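Given next are two forms of a protein chain, the same chain in both, each as structure tokens and marked structure 1 or structure 2.
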Structure 1
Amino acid sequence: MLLFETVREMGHEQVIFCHGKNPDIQAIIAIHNTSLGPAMGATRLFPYINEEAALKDALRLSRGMTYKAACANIPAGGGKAVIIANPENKTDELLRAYGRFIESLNGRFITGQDVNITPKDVRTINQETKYVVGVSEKSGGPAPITALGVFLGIKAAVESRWQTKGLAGLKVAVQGLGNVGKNLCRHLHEHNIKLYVSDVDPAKTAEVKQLFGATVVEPHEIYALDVDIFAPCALGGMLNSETIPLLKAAIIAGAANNQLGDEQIHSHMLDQKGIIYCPDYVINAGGLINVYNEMIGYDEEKAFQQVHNIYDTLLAIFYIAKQQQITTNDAAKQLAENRIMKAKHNTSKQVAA
């Protein structure tokens, strides 16, 4: 990998390589853009096959966070950190050493919990730095607010597709009934939507069947159902060259991160099938809105107000996509880049004044 060329092409401001001998630590902090505010991004601990894989993950995910925060209208930038380690070798010493690196950035990067980092680990990191979120979990976790954001996104997509605000009678397939999927089912059920659900855990499907009268299908059957909306709320990569041809839904609107196997190829495949795709990082921004509000002092009303912006942002994205004949994925990027450019412009005007 051509290091500086890659970083310049992806538009990163700074990449920090953290290393030490005692404890033995290797971590990468990627700061993509701070035009809108300090870079926010969770920390992932993973036994990457090599350093290049770790760097690629940090670069890709930090850029994604910039777009996510900009689309959510949060005064934050994009960042991401990866610690290269086997989860079995995770110690308090390692986490505290990592915390000292975060502290040294003096608030330019604010982190939280991702793969292989638990709430307890976050509290350990917090012993060395205040620039970490999710320490007290004042809000009771991000899932309810994320689910509300997805529900509002569904409303926006329905309005754009069928020029109606009515949801009753629509059929929605929800894949994955975890923290977000189950909460989403509740909203949909309250609006008289017919639910079709799948999960690899039979206890979860049984619960949602009992609570909301959902029809349960096998995990492999969920894609080809004759429904209006497909809501992926399980794992990433579920929209790919094998599954997209099966889809009959007119709208994709779900919480899962990185839903598209390949962003460019599969966003175009959906577009060609006439399916409205709600970009994942726009519709699932409730999680980020939640941690941001925890950071500034949690106010439930304010957080729920901010999540309502997801509805307007998606309508704006659908409009841009239609006007310019581009995918919703590209329209979302354009909207984010415009917001960042505007912020940069305002800052340079203030400096000049």
Structure 2
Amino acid sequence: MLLFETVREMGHEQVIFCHGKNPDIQAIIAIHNTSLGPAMGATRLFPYINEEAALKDALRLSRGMTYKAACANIPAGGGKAVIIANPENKTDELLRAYGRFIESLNGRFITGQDVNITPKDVRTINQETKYVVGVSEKSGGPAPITALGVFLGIKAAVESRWQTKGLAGLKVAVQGLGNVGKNLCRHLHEHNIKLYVSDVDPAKTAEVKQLFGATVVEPHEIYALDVDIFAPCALGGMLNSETIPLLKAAIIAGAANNQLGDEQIHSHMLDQKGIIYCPDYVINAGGLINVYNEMIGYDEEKAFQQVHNIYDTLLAIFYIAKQQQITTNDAAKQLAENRIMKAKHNTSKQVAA
């Protein structure tokens, strides 16, 4: 990887490499864009196969956060952090050391909870920095509101594809049954949708089968099911040159970040198959909306109104894509970048005045 060229092409403002001994810590903080406000993005702890893989994850996720905030009309920028570590080696000392790195940025980056970071871990990080959200979980955590946003996105996609608001009788395949995937299954079950689910953890599939009458399939079988909607809610990169040819679903609408292995190649592959793709950073914005509102003082009515806007935003993206004959991925980027440029223009006018 050509580091500076890659960072420049993706438009990042700053990438910070954090390292130290006692405890041994390796972390990367990627700040993509702060035009709309301070960069917000959760922290992911993961045993990456190498440092390049960790950097790529941080760069893509942070850019996604910029677009996520812009599409959600949240006055925040985009950032992301990854800690390169095995979850089994996670210690309070490591988390506190990481918190000190966050504090040194003086509010330029605000973080929270992602893969392998628990609410307890967030509180440990908070011992060293005030620039972390989700400490008190006033709203019950981000998962339920993220799942609600994904469900609303599914409703928008169904309306766009079949010109109906009805969901009963549809078949949905949900890949990944973490907190968001499980909550999404609950919403779908309540609307009489037939569920097919997969997860690497048999206990999770057994629970969802018992609760919602879901049909359990093996992880490798989930792509080729004859369903109406495929909802990827596991890790990213699941939509790629190997899996897309298997898909029979008419709609892709899930909570996972970075669902496309390659944004340009695979968004066009989905478009050529006639599949409506709900850009991940639009449909899964509920978590960001949740933690942002906790940060400014939680107002449940305001937060839920912002989440319901995901429905209208996706309808607008589908319309732009159809009118301009572009992919929904490009339409979402266009919408986000227009809002960012407008914010920059307004800031320049205020400075000039």
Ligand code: NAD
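Keep in mind that this is a model prediction, so the values were computed, not measured. Rigid core (definition): largest C-alpha set, two forms, superposition within 1.5 Å. FYI, numbering is relative to structure 1, first residue = 1.
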Which of the two shown is the form predicted together with the named molecule: 1
Once everything's superposed on the core, is G78 shifted 2 Å or more at the Cα between structures 1 and 2? yes
At a 2 Å cut-off on C-alpha positions, does I296 qualify as shifted between structures 1 and 2 after fitting the rigid core? no
Yes/no, R60 Cα shift of 2 Å or more between structures 1 and 2 with rigid core fixed: yes
Just grab the Cα shift of G99 between structures 1 and 2 for me, core aligned, in angstrom. 5.7
